[in-house]
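Shown next as structure tokens: one chain only, the form predicted on its own.
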């Protein structure tokens, strides 16, 4: 069975590893769509920390990931699912119900997110731990 999932994977963290591992357990091939820089900006209103090429490389390095590709548009999800012959679409449960429209072409599974971790929270911790310019004076 082919499993597909999507994400930005801007600042890889334990939550990403856990959801990818759980997704892989559902099938024998895990395919991951990594949001392009432009798509990420349109979704979140900010540029990613790592470029799309760096994020593709990082996600491809995760154990269990068999294929990565660049997701260029949310409107092309159906095309991606069909192109990669996905039997299962896996997303975090923060997206619950948002992809049910694809249940006619594959099974949809929403997995629980890892509590108390998100890319936004990781970015905030990093920002807070950086010395301010005044500290260098």
Ligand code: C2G
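Values in this document were obtained by computation on a predicted structure and should not be read as measured data. Numbering follows the first chain given and starts at 1.
One more form of this protein should be noted, the form predicted together with the named molecule, which is absent from this view; the next part is about it.
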Handout entry: is_contact(residue 92, the named molecule) in the predicted bound form, heavy atom dist at most 4.5 Å
Key = yes
Handout entry: Interface membership of residue 71, the named molecule in the predicted bound form, 4.5 Å heavy atom rule
Key = yes
Handout entry: Distance check, residue 43 to the named molecule in the predicted bound form, heavy atom within 4.5 Å
Key = yes
Exercise for the section: May I ask you to check whether residue 29 falls inside a 4.5 Å heavy atom distance of the named molecule in the predicted bound form? Expected result: no
Exercise for the section: Note which of 99, 62, 84, 50 lies within 4.5 Å of the named molecule in the predicted bound form, where distance is taken over heavy atoms; exactly one does. Expected result: 99
